[in-house]
Every structure is written in C-alpha cells, then in structure tokens.
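Shown next as structure tokens: one chain only, the form predicted alone.
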C-alpha cells in the first residue's frame, strides 16, 4: 500500500530526480574510496563532507517547501526542528565517547564533569543505544510540531502572525539551550565525537557512508513529498494555500490537513539535522538562530517555491555560493545573499526551477500551434 502510494506520486520528472539522487549517492563515495588521489575524477574526503552538509540542508529546504510551497505556511522556525534532531544525534554520539573523553568518565560527558554534575540527567538515559536515539530524532521534533500546530491551527493563526510565532519558538529554544543548567553543553554545545555505530567518525569510509545515507534520505524525502503533493491530500493542501476559507466552507477540516503536513515536515527537518551533525562534528545553540530558518526560506525561494526540486537546487546553489563567498569575500557574503534574494524576487519570482518549468511549458504549448499554421491560399 505504501509502495503504491509512493509510486503513484512519481511522474517522469520525479523519477529523473530520484534516479539522479541515487546515482550521486553511489558515484561520489565510489569516486572517493575507489579512485586514487591523483585521478582526475577522485573526490577528496573534505569535499564529500562538504557536499554531505549541502544535502542535509537540501532536506531541510525540502521540508520547508512542503509546508510553504504547497500549504501556504511560511515557517520562520524550521531551524528549531533541524537543531532538535541534531541534538538527539549529538547526545547519542556523546554517549559513545565513554572513557576516551578528556576526563575519562565512563558515563558523564566532559562538559558535565567540568560543570561538576554528579549524575547523568534523566533525559540522557537511553541515548547510549542507537535505536533510542533514532526514535527521539523522529519523536522530539514531531511531538513539538504536533503540539505547536494543534494550538496554532485550531486558533486559526495564519499568515504573518504564524510566521512570527514560529520565529519566537526557535528563539526561545535558542535562549534555553544556551543555559549551562539545561544539560546540553551550553554555548559550546556537543562535540569531540569519536565514532558512530562502532565506526571511526573521521574515517574516509565512514564519511562516505554518511554522505550516501544523507543523499538517500533526501531521495526518500523527495519521493514521499512528491507522493503527498500529487495525491488527493496534496490537492486539498493547495486549496488551503490558495483559498483557505473556501476550502473550509466545502467541508474540509483545514486544521487537520495543516497539522499533518506541518508535523511531517518537522520530522523531515529533524532527520536532516541528525544527518548533519556527525558530518560537521558539532551541534550548538547557534543552530537555533532564527537567521538560519530565514535562510532556509531563501533557499526555497531561490530554487522555486512549490516545486520540491527547486528546494534541493536552491539549497545546494546558495550554500555553494556561500562557501565560495565566505572564502573569497567573507565580508560581502550577507550582501550577496540579500542581493540574490532581491534579484530572484524581482526577476525570477518563480525561482530557478519554476522559471525553467514555465519556459518549458510555454515552449511545448507553442509547438502544436506552430504545426497548425493555415496553408497559403492558391
């Protein structure tokens, strides 16, 4: 049943994107591990890690596009779900350090020993097991999104008011996680990870595997989002986006549809954060910064809101530009990002992918008209 649901959501374009992602998940690790460093097609390990970060961001952008592009919910706080998933993974990785930490405590992470904690907090229990951490990666962002959405959508909070509340949510979490007494490492966060599932996290093979899993997760998230948006549920979501009052008058429980897609989107963002942390090697409260959530919205706008593919393209394109700008002209990066957003808003309102799709659709529509030209009179 689930397989049929996913397959029904695959048109030709979606199949091409999915196949391309699978190919990237296979070819990039192969080029890193199997080809010698002097080979022209060899991909160095640092580039594998960098691209892994890009694809984790792409999954976050995909989750934003699902709620904003198809349901009209402009979230300025999706970075909170991303960070919560990252912290859940970070807690697991910290528990794997054991006696290899600076203070060699078999139970307490180094920052707890430094702060004179005497015992492990109750909310750290279970994170020494990967299955428990994986469960929390899904449950914590999902539960927060469900509770938040339950109250917000049933109170019919919409538009800019909802956007401001989501931004306030992530800012509140930022302030909370900065506190040392919260038990999450305070300002420094969680870092100095050693291994994951028994494998050295710094090894080339581990990093290549993490990259492949990240791209595979993006492919699965894309398939799921495509299936949702092309189903009857997706048609209702578009109706909510374009005419919420009319959709409500037709008898649909709009708040239930919003709550479902909002929670699903938060879970996707949490998984993206969990894949991001072991590749970057750190998670701290800066990930809750509202600016990160706003930047994710810019990725979607640049790539093309309401296209799914555009979210992936936008996230990778903007972050590649960020990497280049912060190295070549670090003081101008924020101006470049703002300029890019203004340019897209004024000249490419449908984003990169949306503009290309509109151009292609216009070209296909004009082709039959050209073939039907009247024959000249004799």
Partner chain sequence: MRFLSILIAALWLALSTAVSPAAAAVADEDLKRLVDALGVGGFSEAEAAINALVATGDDRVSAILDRFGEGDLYTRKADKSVFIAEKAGSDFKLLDPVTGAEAGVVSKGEIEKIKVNNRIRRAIAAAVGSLTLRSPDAAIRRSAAEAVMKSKDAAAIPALDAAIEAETDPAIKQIMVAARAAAVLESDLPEADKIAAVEMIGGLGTRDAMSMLAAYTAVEGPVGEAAASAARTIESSLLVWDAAQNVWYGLSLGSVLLLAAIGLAITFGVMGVINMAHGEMVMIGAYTTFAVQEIIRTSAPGLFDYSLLIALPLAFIVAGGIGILIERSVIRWLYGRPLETLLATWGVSLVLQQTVRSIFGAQNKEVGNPSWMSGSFTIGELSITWSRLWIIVFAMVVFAGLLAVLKRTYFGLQTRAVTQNRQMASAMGIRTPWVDAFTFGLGSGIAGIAGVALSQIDNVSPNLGQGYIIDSFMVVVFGGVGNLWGTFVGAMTLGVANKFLEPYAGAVLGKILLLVFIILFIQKRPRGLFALKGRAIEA
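If you're wondering where the values come from, they're calculated on a predicted model, not measured in any experiment. Residue numbers count along the first chain shown, from 1.
Absent from the display: the form predicted together with the partner chain. The rest refers to it.
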Scan 201, 297, 144, 112 and let me know which has any heavy atom within 4.5 Å of the partner chain in the model of the complex.
297
Using a 4.5 Å heavy atom cut-off, which residue among 134, 104, 197, 157 comes into contact with the partner chain in the model of the complex?
157
Given that the partner is absent here, state which listed stretch (276 to 284, 203 to 211, 186 to 194, 163 to 171) has heavy atoms within 4.5 Å of the partner chain in the model of the complex.
163 to 171
4.5 angstroms heavy atom contact with the partner chain in the model of the complex for residue 328:
no
Can any non-hydrogen atom of residue 335 be found within 4.5 angstroms of the partner chain in the model of the complex?
yes
Look up in the model of the complex whether residue 100 has a non-hydrogen atom within 4.5 angstroms of the partner chain, and give yes or no.
no
Residue 152 versus the partner chain, in the model of the complex: is there a non-hydrogen atom within 4.5 Å?
yes
For the partner chain, considered in the model of the complex: do all three of 74, 175 and 291 come within 4.5 Å of it, counting heavy atoms only?
yes
Could you list which residues of 330 to 351 come within 4.5 Å of the partner chain in the model of the complex, counting heavy atoms only?
331, 334, 335, 337, 338, 339, 341, 342, 345, 346, 349
